[in-house]
Ligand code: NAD
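In structure tokens, one chain follows: the form predicted on its own.
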Amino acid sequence: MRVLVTGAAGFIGSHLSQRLLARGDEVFGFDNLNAYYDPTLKEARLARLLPHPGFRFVRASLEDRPALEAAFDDFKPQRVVNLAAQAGVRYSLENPHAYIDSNIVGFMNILEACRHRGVEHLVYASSSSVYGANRKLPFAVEDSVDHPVSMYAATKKANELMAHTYSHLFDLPTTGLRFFTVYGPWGRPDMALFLFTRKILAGEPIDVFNNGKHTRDFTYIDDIVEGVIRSLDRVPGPDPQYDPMNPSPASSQAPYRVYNIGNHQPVELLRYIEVLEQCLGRKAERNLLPLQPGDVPDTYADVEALNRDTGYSPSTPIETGVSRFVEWYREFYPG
């Protein structure tokens, strides 16, 4: 297939592109390589993809409509995976406009490009952050998600609503994927595992929010990619079980689906730090702090819908995933 991947120099996008190329798909990567975190890491991820004969790349932003439309017209993708977004919950407290530009305006441009060019299936990144203030665990796709606690979460919820509108009005098949705390080799430097590893190796104290008591459904990158590919290969149709008298947020009379991709095995942050200490062979000095604004105390994915429809659910334990990350980190940042 010809698959256009936005955010192709990103953590998930670069891993996904590798997997698609390995199975024989053509991939068109689209990414602006912005400076939200160190662009040299993005360039290093991209450098692994560029030599592949099935890979093409353009550097541009989703908000740049002419550049996006030119990419669609040039490549003529059959399917699209939209992973480009302004990421990060905490940054959204300081710079909310960046989220509107990338996650709302940019996603609108994606929807329009897909609609007018007959794309077979749009898969897009949502987030576990849409569950916001919900306290019922595990989080299920059938739950209401009307109480976001960050602008980042609000834009991801908005993406799901926008996608549904296009599925309904224009019969565009869309699948939204709510990712749960993704980690692994080539990961994001603004995420806990990367920050902790760098500071522990430098002998610096680590900031541990909520005194380390909150839990996260840490999901290994290979499991995320497998979930994305299975979802991409399964083009949704109208849900025959959908009941408009008792509507589910997870499906529709339109060709629309939403899935959680999580390890469905929440781990307390303190345990995550212990595993990292074992892998590094060093103890962390911990700076215990309260929960940050915009953060949620716990995440836990109910993946029943993903399992039912694709036959897949993530299963990599943190002991394996953290060990692989540390191995990569020591190789990428020697010394």
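Residues carry their position along the shown sequence, with the first being 1. Keep in mind it's a predicted model, so treat the numbers as computed, not measured.
In what follows, reference is made to the form predicted in complex with this ligand, a form of this protein that is not presented.
When contacts are judged by a 4.5 Å heavy atom cut-off, residue 310 does not count as touching this ligand in the predicted complex.
A residue is said to contact a partner when one of its heavy atoms sits within 4.5 Å of a partner heavy atom; residue 12 meets this definition for this ligand in the predicted complex. The shortest heavy atom separation between residue 250 and this ligand in the predicted complex exceeds 4.5 Å.
Mapping the unseen interface onto this chain, residue 275 falls outside it, with no heavy atom inside 4.5 Å of this ligand in the predicted complex. Relative to this ligand in the predicted complex, residues 7, 34 and 152 are all within 4.5 Å by at least one heavy atom. Only one of 138 to 146, 201 to 209, 76 to 84, 160 to 168 lies within 4.5 Å of this ligand in the predicted complex by heavy atoms, and it is 76 to 84.
Among the residues 108, 229, 235, 191, the one placing a heavy atom within 4.5 Å of this ligand in the predicted complex is 191. Note on the partner interface in the predicted complex: the residue among 182, 71, 119, 225 having a heavy atom within 4.5 angstroms of this ligand is 182.
Residue 102 is the only one in 94 to 112 with at least one heavy atom within 4.5 Å of this ligand in the predicted complex.
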